[in-house]
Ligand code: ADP
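Given next, in structure tokens, is a single chain: the form predicted alone.
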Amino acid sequence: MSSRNFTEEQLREIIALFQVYGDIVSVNRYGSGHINDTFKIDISIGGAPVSYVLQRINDSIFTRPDRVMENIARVTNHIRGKFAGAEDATRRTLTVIPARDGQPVARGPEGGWWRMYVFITGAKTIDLIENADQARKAAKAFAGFQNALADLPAPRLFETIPNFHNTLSRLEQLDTAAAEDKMGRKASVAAELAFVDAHREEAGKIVKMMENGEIPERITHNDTKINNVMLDDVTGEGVAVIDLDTVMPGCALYDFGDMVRTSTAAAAEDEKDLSKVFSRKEYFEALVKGYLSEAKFLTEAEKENLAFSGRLITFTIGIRFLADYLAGDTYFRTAYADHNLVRCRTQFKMVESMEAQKDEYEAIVRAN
């Protein structure tokens, strides 16, 4: 887990590992992320203020930080080339600050892996989606991100977390956790396991279509929450997609599906009152309009499965929460004993809501 404590003296020592110059004005913990330790660094260069983001990469999750950063450097350089000469080019993607040795990542004196980016100004992130128009703008930004990377030259990016959205792999993990039943919790989740069994038949649909070549592999973000898009302070439009740790080869449908899961939800991911949990049709329609306005690369097979992808990814995340609950809450951070079970139930309730609106959702996709 993250949230280690670092003194300002330690952080100044780490900053010195990177190619930044000037007088350090302030160093403060920044953002709401729970994976990496993040700090905002304000520096004065000849009296002019410049800000950077300094992050310690969580190498318990990303076991090859060098590969993560090689992916990010290639992706951001490619996107920057697309907008060369544009007035807002510096805001279109993250700018990696090299370490003193020229690498995109540095090893800190405490043994951790660190990176630094230029702080994007004139834009902000939001943690909770406030209206359908924000959903449209975020979906447009994520589609533009995929579009910009459609012609990234070889070699293939590294898979920083293999099988990240592979539902069949996640089912295997759940089955193992249920068989081992380390915490003696299996008997209490009979209804949830029955829900999983009822949905097994469709679980491998996308995986199999990719294996058969019916759906192409693409470069995808794999964590398409609203707070991973920088929204312009004036227009509200998405200017840059951030948090690129999981950028790797994948399926465009998984990115769209996770947008549906997170942006159409009427309640929090850990809402205990399931009567408040449902997928909002107007937000789904906004996502479709925004995404398809930019995702010109989609094949017919991909477009035909957009609505299904929302159900599949939501089901997959529910499986992950349930597996972690059975295994003793070893992956997701929890605030109380049944936290992962509560999260699992909200995901499965969202799946039910999407299933109830299946015909309407598919009609929305066809209309766009």
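So that there is no doubt, residue numbering starts at 1 and follows the sequence shown. All of these numbers come straight from a predicted model, not from anything done at the bench.
The form predicted together with ligand ADP exists for this protein as well; it is not shown, and the discussion that follows is about that form.
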| property | result |
| --- | --- |
| The single option of Val247, Val105, Met230, Leu253 touching ligand ADP in the predicted bound form, heavy atom within 4.5 Å | Met230 |
| Heavy atom within 4.5 Å of ligand ADP in the predicted bound form - the one residue of Trp113, Phe158, Phe195, Tyr117 that qualifies | Tyr117 |
| Candidate stretches 50-58, 322-330, 302-310, 66-74, one within 4.5 Å of ligand ADP in the predicted bound form by heavy atom | 50-58 |
| Partner proximity in the predicted bound form: Ala143 to ligand ADP, non-hydrogen atom cutoff 4.5 Å | no |
| In the predicted bound form, Ser26 touching ligand ADP (heavy atom, 4.5 Å) | no |
| Proximity of Ile35 to ligand ADP in the predicted bound form, heavy atoms at 4.5 Å | yes |
| Val288 within 4.5 Å of ligand ADP in the predicted bound form, heavy atoms | no |
| Ligand ADP in the predicted bound form - contacting residues of 61-100, heavy atom within 4.5 Å | Leu94 |
